[in-house]
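Okay, here we've got a single chain as structure tokens, the form predicted on its own, with questions on binding and movement later.
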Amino acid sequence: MIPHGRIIVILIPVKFELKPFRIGHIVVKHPVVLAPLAGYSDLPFRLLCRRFGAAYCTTEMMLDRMVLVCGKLHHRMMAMTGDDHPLAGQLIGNDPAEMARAAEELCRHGFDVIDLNFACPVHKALSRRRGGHLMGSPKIVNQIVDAVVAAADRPVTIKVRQKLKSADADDSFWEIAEHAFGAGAAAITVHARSVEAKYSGQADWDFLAAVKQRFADRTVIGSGDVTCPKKAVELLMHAKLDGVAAARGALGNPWFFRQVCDVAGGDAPYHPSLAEQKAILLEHFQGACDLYGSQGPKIMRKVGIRYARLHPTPTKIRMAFVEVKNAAQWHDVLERHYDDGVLQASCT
């Protein structure tokens, strides 16, 4: 085991086998999956990621009460197509009965898995005693898990963090994980940082290895510092996990999952030409406009900023997308900056 705080360096062999894994009865063919990303993992982005190899995706987190009230937000957050499976609908909340009712609605809507968020570290969730706040209240977590497992007619999974505060012991995590599996949860996704740390510092991959060692016959998905395809393969190797969730590393890069296959096969990761980037950006933009209507260009501005890191001049392109306010300006950026060309490696 590598001492906590040390930089982990793994030399990837010529080939590393990417194995499928199971979430209940569902077989996930690619062990690197798309994590729930607030404001990003919507239907248009998921469909692009699936095209390039993402075999399993999770929606943005959805407040239990929102799921139970029909409206524009309900429609947009819960949108899916026949090509968008298997798909987990992620719920956040703190009332067992309400979470159970929301889970039933997600089942009726056609989600393949119900995922429960006890990990979100943002202030809005914590201040309302949701998400990562519940890592300090394992009894409530356990009650929610029991209620949702009883209500759902399909696999239930949970998303958790290592602990609430960085100085805490890991006792709450182990209590939550043991209870969840005992109650019938099909899988657990673990972000290897405290809630307090949010996304700062180094993720504790040794902790993920310890989790998988303890739950050797259960499905464990790891999260944290999966910033590029090479890191995804390194984490799979280091912690012997069933799967890895790609979050920040996949933003603006739906090719991420194809690149993981390249790295695991001993090849250099695929880098799309500017012409291919342009085509995907156009498709992503159209999908956003179809889903969000007049708000599409505004939403795609932040998405374009993420795609800019793949461009040979990322700072220039990022600033160009910042100025976009409508469809005409979006298309103008693409026409001026996305001529044919081959990208240099973006993950070092």
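Computed from a prediction, not measured in an experiment: that's the story for all the values here. Note that residue numbering begins at 1 and tracks the sequence as displayed.
Below, we turn to the form predicted together with a small molecule, even though it does not appear here.
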Margin query: Within 4.5 Å of the small molecule in the predicted complex - does that hold for a heavy atom of every one of 117, 193 and 223?
Written below: yes
Answer among 316-324, 59-67, 25-33, 44-52 for heavy atoms within 4.5 Å of the small molecule in the predicted complex: the stretch 59-67
Exercise for the section: Answer for residue 38 alone: is it within 4.5 Å of the small molecule in the predicted complex, judged on heavy atom distances? Expected result: yes
Partner proximity in the predicted complex: residue 248 to the small molecule, non-hydrogen atom cutoff 4.5 Å = yes
For this session: Examine residue 259 and determine whether its closest non-hydrogen atom to the small molecule in the predicted complex is within 4.5 angstroms.
Result: no
- prompt: Going by a heavy atom distance of 4.5 Å, is residue 162 a contact of the small molecule in the predicted complex?
  reply: no
Heavy atom within 4.5 Å of the small molecule in the predicted complex, from candidates 270, 215, 174, 199, belongs to 199
